[in-house]
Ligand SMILES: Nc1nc2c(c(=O)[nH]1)N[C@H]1C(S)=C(S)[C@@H](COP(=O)(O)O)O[C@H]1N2
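In structure tokens, the next block holds one chain alone, the form predicted alone.
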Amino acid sequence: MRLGARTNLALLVLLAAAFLTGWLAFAFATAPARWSLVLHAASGVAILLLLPWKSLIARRGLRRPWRGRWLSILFGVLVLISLAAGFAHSTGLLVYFGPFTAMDFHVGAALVAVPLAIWHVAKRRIRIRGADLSRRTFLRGALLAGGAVAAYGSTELVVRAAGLPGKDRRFTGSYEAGSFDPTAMPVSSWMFDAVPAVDASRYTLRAGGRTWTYDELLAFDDRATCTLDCTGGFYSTQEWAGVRIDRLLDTTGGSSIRVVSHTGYDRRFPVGEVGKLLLATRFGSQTLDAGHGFPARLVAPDRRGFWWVKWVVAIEVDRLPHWLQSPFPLQ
């Protein structure tokens, strides 16, 4: 296999690995996220190590005009933006950029790059022969992988030795923000879920075969200290107060619990988690504000922030299994 073909194949595998491990890390707020992020970061470092060889290939390609070259250039630029934003976030050198976070640019650029990557692979196919899968190719791949892991480990040591903000990242890669201080806790929503204006005097919750008013929910004082770990790159630990979901529902015969927002956003949970879920009306010593889910939001321990449904208007027991939904919300 020629050097260019080997390089392109390695980059394709590494880009796929980086994408899959990144999304896997998004799915967990527990230990699996750490191992996934190590593989994710190592994949990114390996891509950087291959850039000198890829630049030679790209320069040769730019000398030959061909249809779609600007899409290939855009694809390369998006990959570089995603890598740079990931580096900025992991070291803490640039966590916020105006109203956005480095993680927003890291993930956003990667998502836009996905259809371009598929187009690029379809347009410029890599032809692999049996002889290409040789022992030498395998050893070179192993050397690249080992070098990437070593380089990533060295980067983490430098971040800690230099006292950069990245040394204080949680195992999910998130930075602490406003813990035990509700006024300092950032406001975030999944994708384009806008903050609605909900009138507490007219608000009702449908749950357990009846309708609950805001004042009725406010009378409950179940408490839980939990960490909301947002995929936007921050985490915040608060004392949440409200009502445990198992006080509102009879789950007999059900397979899942569906929690629905005023905006139509929803998530489905296993029925066995009902005793862990809290419908919060307060955090700290104050009631929720609109940005943080007023009048009521879900607190889902050990789950990433997109599971913590805000502005909850209905909680339903369903016979459908909890896994019968998109792994990540589509709205």
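What you are looking at is a predicted structure, and each value in this text was computed from that prediction instead of being measured. Note that residue numbering follows the sequence shown and begins at 1.
Heads up, the form predicted together with this ligand isn't pictured, but that's what we're talking about next.
Here the marked residues Gly208, Arg247 and Thr281 all miss this ligand in the model of the complex; none has a heavy atom within 4.5 angstroms. With a 4.5 Å cutoff on heavy atoms, Arg268 does not count as touching this ligand in the model of the complex; it lies far away.
This ligand in the model of the complex is approached by Phe306, whose closest heavy atom lies within 4.5 angstroms of it. At a distance threshold of 4.5 angstroms between non-hydrogen atoms, Thr263 is in contact with this ligand in the model of the complex. Although the partner is absent here, Val187 lies within 4.5 Å of this ligand in the model of the complex, judged by heavy atoms.
Exactly one of the stretches 229 to 237, 199 to 207, 214 to 222, 137 to 145 approaches this ligand in the model of the complex with heavy atoms within 4.5 Å, and it is 229 to 237. None of Pro32, Pro301, Gly68, Gly291 but one reaches within 4.5 angstroms of this ligand in the model of the complex through a heavy atom, and that residue is Gly291.
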